[in-house]
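Presented as structure tokens, the chain that follows is alone, the form predicted alone.
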């Protein structure tokens, strides 16, 4: 039996049939329930919710522990400045968009961007998709009012439905099972594509999206593809063997670990590793709205072995961040903690240096990642949410500049993007304006970069295009 398959098969069987150990006095997957849990929906039928969570807890895991540990090793490499992390995908996935076409488009754009970054940065690129579980979203208010009618806010397909009716806005436990099924289908299809050679660096032409035929950046991309293919062919000819590591591109999954019952249900103790793993995803993260030291999310996250992220931005003090590091990574484990900063183009240079200094005082390894999207959201005159491409680029460039000036390493980027030709963010190579937004605005929550804008970001990170 192939060794890699044998290890995968062994891990999968163990994780499906694992025997739960008695929780320690210090932490167990439900210990968060004794804390204040922000951003949680209120279900009208507790018995129905309990039955659903019970069913979910008995289903096979979506990811395996050895995949989780492999990602942690990659993140540790990035913390040392030897790799770069590309994290990207939808603001909020929807059940309706769980189609082969949409999944392939997401995979293509991540592969294309990583190829450009690999070429320009001259270091490995770790690919983490906001996919296979990004079905829940935090909200600024528990309710929404339209024309005098007030209903629960839409919290993503994991919780309720977007239509503004009484029935659709009631949180429904069965949606948790549908989210699990969609996440598993998505990740299994991604694995099948990768295992089938879709991500072979010898044939990056497989990944072309429509933009290659008309974008001003098309010629640059083709030159990169040709250069990498020729280099691989030359080296393999000289050495007389194939570069097997280049034939597959690992794709990891990530989502915000917002709905704690969903995360708890797939948290397993593995005897051979003597650790608890969240097996809904490889990389869960905590948003700033749920990052209270004494809150339920921090309590849950501190006990799982996954590499984890924390969003940080305006309002995050150095003392608060230092406390989070102590709680979430008390043993200073490499690869464990990623800090995803999001300030906005106008505020990053004022606030980021203080947080870098605060982290340095802890002497704890962290991976710094820039999210240039969330701090730059604005609303047009007609009420449409958008983001200006120039502001996104400006924050990203400031992030690199600040980290370099402080002898720190910016080791990744976190983007909301899609492989579709949407019109949700203005600017970019085609100069989209507010008037263009209505043409192809599909997001149900926040605006995303389209494939052309995302590729332009990748080229700028790689140093191939100037502002």
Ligand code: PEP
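Positions refer to the first chain, counted from 1. The structure presented is a predicted model; accordingly, all values stated were derived computationally and were not measured.
The protein also exists as the form predicted in complex with phosphoenolpyruvate (PEP); that form is not presented, and the subsequent description refers to it.
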Worksheet item: If contact means any heavy atom within 4.5 Å, which of 393 to 401, 132 to 140, 189 to 197, 105 to 113 contacts phosphoenolpyruvate (PEP) in the predicted complex?
Response: 132 to 140
Worksheet item: Given that phosphoenolpyruvate (PEP) is left out here, which of 285, 252, 300, 277 has a heavy atom within 4.5 Å of it in the predicted complex?
Response: 285
Worksheet item: Taking phosphoenolpyruvate (PEP) in the predicted complex as the reference, which of 74, 259, 311, 336 has a non-hydrogen atom within 4.5 Å?
Response: 311
Discussion item. Residue 155 versus phosphoenolpyruvate (PEP), in the predicted complex: is there a non-hydrogen atom within 4.5 Å?
Written reply: no
Item to complete: Report yes if any heavy atom of residue 91 sits within 4.5 Å of a heavy atom of phosphoenolpyruvate (PEP) in the predicted complex; otherwise report no.
Response: yes
Discussion item. Contact with phosphoenolpyruvate (PEP) in the predicted complex for residue 342, defined as at least one heavy atom pair within 4.5 Å: yes or no?
Written reply: yes
Discussion item. Test of understanding: in the predicted complex, would residue 289 fall inside 4.5 Å of phosphoenolpyruvate (PEP) by heavy atoms?
Written reply: yes
Practice prompt. Sequence order please: the residues of 372 to 389 with a heavy atom within 4.5 Å of phosphoenolpyruvate (PEP) in the predicted complex.
Written response: 374
